[in-house]
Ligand SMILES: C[S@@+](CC[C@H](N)C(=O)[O-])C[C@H]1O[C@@H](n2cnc3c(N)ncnc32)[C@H](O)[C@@H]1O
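Next up: just one chain, as structure tokens, the form predicted on its own.
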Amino acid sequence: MTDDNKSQGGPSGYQGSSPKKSSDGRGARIAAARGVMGVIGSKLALDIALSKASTYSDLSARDRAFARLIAATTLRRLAQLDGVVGPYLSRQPAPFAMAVLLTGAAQLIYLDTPVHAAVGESVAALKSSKDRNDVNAAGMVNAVLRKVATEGKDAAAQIPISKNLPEWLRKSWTRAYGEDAVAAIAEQLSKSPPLDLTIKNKGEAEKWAEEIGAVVLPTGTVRKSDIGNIVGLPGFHDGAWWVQDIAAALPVNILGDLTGKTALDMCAAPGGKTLQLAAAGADVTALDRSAERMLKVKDNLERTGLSAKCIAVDAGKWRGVRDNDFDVVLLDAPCSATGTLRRRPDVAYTKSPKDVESLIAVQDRLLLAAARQVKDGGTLVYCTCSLQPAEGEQRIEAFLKMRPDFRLNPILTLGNDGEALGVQPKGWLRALPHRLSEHGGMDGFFVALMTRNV
């Protein structure tokens, strides 16, 4: 249902139907605290960490979404929350008690949860723990959260929002984009994301926006301010659209009409770009190394009534009938996903500079494999949902040195919107999260188009 979230299959905040589940605010808060612990302590993706919480499976869809909102808000604002509660602590509480304290503070400062609910249920969560250290911390958490309720918002406002970014990201982004841009990025990443939809039939964007209660953005993406129950929205069961951030939709949007063209999507799951290529008229072959994730591509194709040849295989090792066989080859390469922090705040705590270094070799290998599949005169599209230049601009510069038979093809099809979206003087696109901030921002993304010489 979603795209460009290469390590998870569903959209952030997804609420499906779950009639047998009961509503349990305390269970949601326990799950949120366990989720935060899992991300920070065990480097788990947030949705995986939440699912491991003992209370999570018994929650209603509404309370699962609430648990995720609390945990995601806590991770987005962790440095500010630490700065608020820290002065009240004489010693560091046990991990679960600390997570309950931070998630409780997040509710009070950023989610405007009533004091009696945020404080009372946080204390009750600790008292229900089987760990005596957690039970003993209940009184302390009660006292600190009541202080936070009266003083927390002012204290948090004194802490620069950019402090919530891990130091290695803050430094690398400052070198790449400057201090002002980093401050604006941090501000955008602190907010919950909207819901972006790609419409199968572009001519129906206004129609579906009106039915869904959304707006049409300059590139044709339909945006709803909140996520909510996706499968209950008009058009879902009709296959009229799929979930896809505006930035993630750009690599295919800039290609225009592909009628009669052959296209290869090399890292396809969960399928957003495969769907776009097919909807644009291309004869699509989709590859993904995970057979399980490829099933999601097939499900999305079936729901939308689109078609593509799906193959579960390592794209770097796959060989078609012959080389140089595709008009368009799209490589949405595995990356650190640092451009997706507003949707996946866990990335800030699960990724490191070492991950970027290891991914560079994968990206270079896949780029060379992608080049092998491009026809003479054909187009190679490289993109990543990373804000790290090492995974974007630097990979293209290195590739063009290795493959002088390719040339950079400036992105011109975005017209007057190109500069606002991030088209750079060299011709590639560097979308930053605070671009289109008047509309709610976007994911960080890099896109380059290259043509194989005839």
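Numbers follow the displayed sequence, beginning with 1. Computed from a prediction, not measured in an experiment: that's the story for all the values here.
Just so you know, the form predicted in complex with the named molecule exists too; it's not on screen, but the next bit is about it.
- Interface residue among K200, R289, R223, K261, judged by heavy atoms within 4.5 Å of the named molecule in the model of the complex: R289.
- The listed set R365, R319, K127, K163 contains one residue whose heavy atoms approach the named molecule in the model of the complex to within 4.5 Å, identified as R365.
- Contact with the named molecule in the model of the complex, defined as any heavy atom within 4.5 Å, is confined among 165 to 173, 78 to 86, 179 to 187, 263 to 271 to 263 to 271.
- In the model of the complex, the named molecule sits within 4.5 Å of a heavy atom of D314.
- In the model of the complex, P194 stays away from the named molecule, with no heavy atom inside 4.5 Å.
- Heavy atoms of A371 never reach within 4.5 Å of the named molecule in the model of the complex, leaving it off the interface.
- Contact between R293 and the named molecule in the model of the complex is found at the 4.5 Å heavy atom cutoff.
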